[in-house]
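Starting off, we have a lone chain in the form predicted alone, written out as structure tokens.
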Amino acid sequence: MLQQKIPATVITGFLGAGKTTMIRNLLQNAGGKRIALIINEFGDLGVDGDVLKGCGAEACTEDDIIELTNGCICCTVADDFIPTMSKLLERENRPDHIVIETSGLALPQPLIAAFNWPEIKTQVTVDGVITVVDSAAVAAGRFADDHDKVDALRVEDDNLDHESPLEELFEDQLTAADLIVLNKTDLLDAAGVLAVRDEVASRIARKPSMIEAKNGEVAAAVLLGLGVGTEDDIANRKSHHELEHENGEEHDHDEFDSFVVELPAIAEPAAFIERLKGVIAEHDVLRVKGFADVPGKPLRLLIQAVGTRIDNYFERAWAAGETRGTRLVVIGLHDMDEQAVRAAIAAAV
């Protein structure tokens, strides 16, 4: 008798939108479902996986968490994702549901298309694609444009008829969605949330469902069980890059760079955070995430920065045999001066 296909949920979203927090909440409230989690990191330090492994959820043990750290998942489908899925499906105790967290820089479309590979399609279906949006960032104009003004200027100057890589990536992730989660709405008033809804809707032709959330708190029943079968509709969700491919252009991630900064213990976390904000603003860093060692504290300090907005809290105890230290992943555009950023962060300690 044929086994029922395992549903897989793809969770995507721009840098710092709150994907990992939402998944952590999901795992802690999975209602008994056995969930396998595949995480695609950008950079060498597996921060998201480390955070999720510490959540203590019975639904997803450490053995059920698989990290892909060899680059953007959309570029390593054949080398990394397909073999990972095959091994997962060969397990005796197969999961009830698979959750895939893409990097904040990943295009969801090639990943979704991979579910049509013969060895995957017969056993797994894409239950749905969920795109998480940082509502506060959108409200602050990180992706918003004065569309009327731009259209008027385009009439006069053809050179303005283009969008930045970040805007394209944002739209690509929205285009792939079956459900859009407007996260961090608690940071906005009602008018601000409405403006974000309008801005997000204006970016895509398709009109997927859209819900609001704060702190990534969305019920598992809302996230799981959409039953879309998105892999069968991938032709209607082409990204900017896929359209460029059709014109013979190549896709790469040269727009973004990432590197890991290792630092000594942080004696004064509050002062370090304030100085880090200045470094981020001066060098236009997109994202900083990692852990810090605070002398005298048994817990690691988690640091998550989106632009100059930085969250930090003591996340979990240092494990037995774990080397204490401060390690941060820095992500920015390709023209970021790595050495200058490294020196500035080191000076902020």
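This structure is a prediction, so every number in the text was calculated from the model and none was measured. Numbers for residues come from their place in the sequence shown, where the first is 1.
Not on display, but discussed next: the form predicted in complex with a small molecule.
For the options V306, L26, I38, I280, the one in contact with the small molecule in the predicted complex, meaning a heavy atom within 4.5 Å, is V306.
Put simply, of R206, R142, R91, K214 only one has a heavy atom within 4.5 Å of the small molecule in the predicted complex, and it is K214. With the partner omitted here, the stretch from 82-90, 271-279, 107-115, 176-184 that lies within 4.5 Å of the small molecule by heavy atoms in the predicted complex is 176-184. Using a 4.5 angstroms threshold between heavy atoms, D127 stays clear of the small molecule in the predicted complex.
Although the partner is absent from this view, T21 contacts the small molecule in the predicted complex, with a non-hydrogen atom inside 4.5 angstroms. When contacts are judged by a 4.5 Å heavy atom cut-off, A17 counts as touching the small molecule in the predicted complex. Contact between K33 and the small molecule in the predicted complex is not found at the 4.5 Å heavy atom cutoff. The three marked residues, E101, K289 and D311, each reach the small molecule in the predicted complex, with a heavy atom inside 4.5 Å.
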